[in-house]
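Here you'll find one protein chain in two forms, each presented separately as structure tokens under the names structure 1 and structure 2.
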Structure 1
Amino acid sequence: MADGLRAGTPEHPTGHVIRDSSLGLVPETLPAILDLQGAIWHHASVGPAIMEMLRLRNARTVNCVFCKSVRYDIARADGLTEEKVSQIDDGYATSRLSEREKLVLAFADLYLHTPDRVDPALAEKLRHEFTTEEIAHMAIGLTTFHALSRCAVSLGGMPESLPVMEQSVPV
């Protein structure tokens, strides 16, 4: 998409990460988006660190500069370190991440790339490690992260790169 066709960002920044993104160009949708984000993060049955791993794996998949740079405060408080974040790449299967964390990333890849072709062995491992509620929560989180990052990438307004920055979970 040519830069001239991108939507960009609102004319007047507010200091709020989501409101100042291209999503802020349609402010009437923001309350529902923010409510969904809050529910995902504040009621994550798998915990914020796992949700952040899913979000970051999606960010790499979509190549969202902003999403790759953000670290949410509650995920860090839940134990997600930069050392773990550095392993959320294509070599995660042979990384030092725990088997549970590797399984979370395998779930993200399955969900984002081939949701119609679930490997029976992976499905069994997921059902053994996670409850159906946890699997559903991870899927809803990924759906939301994927939609919002794709929107941000396609509508533009992001710089080429950003430093790692901690953000509070949107309320």
Structure 2
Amino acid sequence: MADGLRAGTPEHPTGHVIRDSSLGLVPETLPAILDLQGAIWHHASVGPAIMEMLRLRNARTVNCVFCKSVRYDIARADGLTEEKVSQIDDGYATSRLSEREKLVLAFADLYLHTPDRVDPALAEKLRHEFTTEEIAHMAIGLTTFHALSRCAVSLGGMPESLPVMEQSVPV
């Protein structure tokens, strides 16, 4: 077991980053996790750059060092630059991000901080900017990123920092 990791990993490594992690100890849920990841990154109506903004806003809020360090290649190819990523902080409302991108981050903050108190003005802006399909897809993406980042934190073994690493979505 890696230093500080609270659960072991599968006895027989496969070379797959998720199957070889502690999540591989529960093979009954693994296919559903991988299928969901694939659907989020390849079929979401908002596209990978918006999904990556949701993922990184969540990662910074949960303070998952692993999640914060990753950049998915599919999102960079969709136009998400490091200049934009640098604005996904608490000052995003006054940043140079587009109004649509700011609404994406406000949606993330609603889920992460006050899901029980939806500001009617924000709800109106979200419904005006996004289709119901886009809202559903952002919700599913965000809740998945949130669960997986909290999973990584809960399992322990988190380093204090990591450099930015470009990766492909695990399949």
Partner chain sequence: MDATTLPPLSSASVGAVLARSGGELARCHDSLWAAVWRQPHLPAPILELCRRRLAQLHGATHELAASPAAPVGTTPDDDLPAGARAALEFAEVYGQDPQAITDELAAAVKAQFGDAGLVALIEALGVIDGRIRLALMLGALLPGEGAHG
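Numbering runs along the sequence of structure 1, starting at 1. Heads up, when I say rigid core I mean the largest set of C-alphas that superpose within 1.5 Å between the two forms. Since this is a predicted model, take the numbers as computed values, not measurements.
In this pair, the copy labelled structure 1 belongs to the form predicted alone. Relative to the superposed core, Gly38 undergoes a C-alpha shift smaller than 2 Å between structures 1 and 2. With the core held fixed, the Cα of Val17 is displaced between structures 1 and 2 by 2 Å or more. Here Gly47 does not count as shifted, since its C-alpha moves by less than 2 Å between structures 1 and 2 after the core is aligned. Overlaying the rigid core between structures 1 and 2 leaves the Cα of Val26 displaced by 3.0 angstrom.
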